[in-house]
Ligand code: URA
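Coming up is one lone chain in structure tokens, specifically the form predicted alone.
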Amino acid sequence: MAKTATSRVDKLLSSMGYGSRREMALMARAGGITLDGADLLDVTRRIPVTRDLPTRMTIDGEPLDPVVGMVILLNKPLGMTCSHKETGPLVYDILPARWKSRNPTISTIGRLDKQTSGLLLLTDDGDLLHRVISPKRHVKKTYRAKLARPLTGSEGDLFASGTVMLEGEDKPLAPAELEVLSPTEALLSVYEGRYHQVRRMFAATGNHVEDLHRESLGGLTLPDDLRPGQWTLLGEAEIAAIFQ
């Protein structure tokens, strides 16, 4: 059986973005940290780092953030960038400010471009991130595309053929699934994550995507009540659903 890791409380909370070790000591002395219902005054104390710790510890009266394997489902608004480095509005600006200081860093699982909205996952779990974006996993991603011109009727067979070559690339796309909703609107499901893939696929047919929204990823669908700019933390069952 694997041995449970332990950590000093001040070091753990600092790595989670709550503040410096000194700030954690001051908070503890003021009664701001509890463990199992009792004030935790000594932040040099070592405690087991377990997944149930957020149910046992509070910080300033609020449950502790997930310690490891945090996965966030965000309804990404238009006009925001999936980057730590670019200027302008970033998706990370939506999240609690302390999360910018977490170690390991929270990163997006793949990207949605600035003018694409919808379901976006973020995590501090590097292994999970790479499993989701790995081409070997064939995780399905479904987008709702509104088009500048009516569909011709040939796009579905073309996208399903596995022969589409995007400009500047030397390997054809994997087969994709098209569901026509109206003459100028469709759902497109892809199993890869190439640069601007959906937009470039429709461009290869002579069309132009005017509006693009990701509705689902794997077995996850964007909740109806999650408005643009809102987010929720995923539980273990929901994380597992990514690969269903």
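Each residue number is its position in the shown sequence, starting from 1. Everything quoted here is computed from the prediction, not taken from an experiment.
Missing here is the form predicted in complex with the ligand; even so, the following discussion is about that form.
- At least one heavy atom of Q197 is located within 4.5 Å of the ligand in the model of the complex.
- Although the partner is absent here, L112 is a contact residue: one of its heavy atoms lies within 4.5 angstroms of the ligand in the model of the complex.
- The ligand in the model of the complex comes within 4.5 Å of a heavy atom belonging to L212.
- Proximity of Y143 to the ligand in the model of the complex falls within the 4.5 Å heavy atom cutoff.
- Per the 4.5 Å heavy atom criterion, the ligand in the model of the complex is contacted by stretch 198-206, the sole one of 48-56, 179-187, 25-33, 198-206.
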